[in-house]
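The data below hold one chain only, encoded as structure tokens and taken in the form predicted on its own.
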Amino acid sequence: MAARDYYNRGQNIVYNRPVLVLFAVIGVFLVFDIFRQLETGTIAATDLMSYLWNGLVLGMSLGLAGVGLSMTYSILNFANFAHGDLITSGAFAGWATAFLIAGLGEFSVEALVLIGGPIAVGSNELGINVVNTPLALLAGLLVAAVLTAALSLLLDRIVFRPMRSADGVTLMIASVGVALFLRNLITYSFLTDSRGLTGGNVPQFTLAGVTFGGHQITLVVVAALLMLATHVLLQYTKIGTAMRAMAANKDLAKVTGIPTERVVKLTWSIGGGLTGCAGFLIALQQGTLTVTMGWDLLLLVFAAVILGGVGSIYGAMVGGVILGIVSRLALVWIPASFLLVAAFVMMIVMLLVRPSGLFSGRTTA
């Protein structure tokens, strides 16, 4: 391509997409400012690496939590506002199991399972962490996945299946009601106190001045494996092919003989299972559990899904990682209390520059 062609192409971009050019200039300025601050010593390289690592941890949790939300949208075509409380449900189910296994024989079942109650056993008494009680945590992760998948199927059967022909707005409003019901049910069962989950000496190591926590590493590794398994499911199995076909064209999928109702059930099961795992891992990394945990994360999960492209599963994964890293990298310029602002500014910029998201919207793969 001749120099003249490059010039004309650049001129067209400046005239036709001035917003894109403006944000590109701001992005280049920020990158140069990071190098300037590193060179002048305003920020240490270890601090920058810590921001990136903590951003990756947050991003992997958002990406994993967003997969189920994207599946629901791509197959059933509605924004499920109950997704946050499904995250909370998985976390409570998994941690009740982990507490029960870790303390069985030493404490009463009632004291172990009612982890929010006044007679509950403290996490320090059990010493739960990835080294002391790996089997209890593994059992908790599995139960979180299975029970959240079962809960998702039950909600579909009772609430969403009778409304299958309703429009997206009606289903979205119904999901808000489901969210409120779930939250009140959890509150009734476990009370509202914030509870510590882990105890003992949690392993961690330092490399190049950056501290890597054992529970952070667990979250990143398990989330990456689950994302890889989702990729294999979508690309190399019959059910994955059927899910992609339904996401692309539901009517055509019916005509070609795909059992659409079965695909819907599997979508709820797989999405719910991944959502439960995300809730359990996020609680593990945070070390605490509250009734509003999933609801507090819901806006960030939605932001990650929108950033990647609503309905795109790969978009949810990548969008979550980008959003997590950007929100933590923003500490270079803004106080920690404004981190959420940075994440949502990133989402707004993406909507202005590429409204359909990084992966261009509704597609399961």
Partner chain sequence: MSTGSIQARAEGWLGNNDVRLLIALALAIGGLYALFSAVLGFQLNGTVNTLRRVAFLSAIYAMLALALNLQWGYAGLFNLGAAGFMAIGVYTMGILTAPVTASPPGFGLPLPVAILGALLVTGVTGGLAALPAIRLRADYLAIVTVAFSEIVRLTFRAPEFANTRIAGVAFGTGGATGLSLPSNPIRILFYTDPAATAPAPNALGTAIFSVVAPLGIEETLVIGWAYVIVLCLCLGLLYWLMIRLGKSPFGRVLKSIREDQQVTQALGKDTRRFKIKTFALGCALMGLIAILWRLSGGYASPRMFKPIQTFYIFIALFIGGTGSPTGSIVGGALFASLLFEGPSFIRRVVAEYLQLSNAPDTLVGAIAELGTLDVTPLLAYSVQDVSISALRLMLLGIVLVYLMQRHPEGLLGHRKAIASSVDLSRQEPREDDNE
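Numbering follows the first chain given and starts at 1. Just so you know, these numbers come straight off a predicted model, no measurement behind them.
The following text describes the form predicted together with its partner chain, which does not appear among the structures shown.
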### Message
Check Val341 for me: does it contact its partner chain in the model of the complex (non-hydrogen atoms, 4.5 angstroms)?
### Response
yes
### Query
So in the model of the complex, does any heavy atom of Trp295 sit within 4.5 Å of its partner chain?
yes
#### Entry: Exercise: Val169 in contact with its partner chain in the model of the complex, heavy atom 4.5 Å
yes
### Query
Do Pro162 and its partner chain come within 4.5 Å of each other in the model of the complex, heavy atoms counted?
yes
### Query
its partner chain isn't shown here, but in the model of the complex, which of 296-304, 52-60, 37-45, 23-31 has heavy atoms within 4.5 Å of it?
296-304
### Query
Each of Leu100, Asn201 and Phe212 near its partner chain in the model of the complex, meaning some heavy atom within 4.5 Å?
no
### Summary
As a check of understanding, the residue in Glu261, Glu125, Glu110, Glu106 with any heavy atom within 4.5 Å of its partner chain in the model of the complex should be identified as Glu110
### Message
Under the 4.5 Å heavy atom criterion, name the residues of 307-335 that approach its partner chain in the model of the complex, in sequence order.
### Response
Val310, Pro335
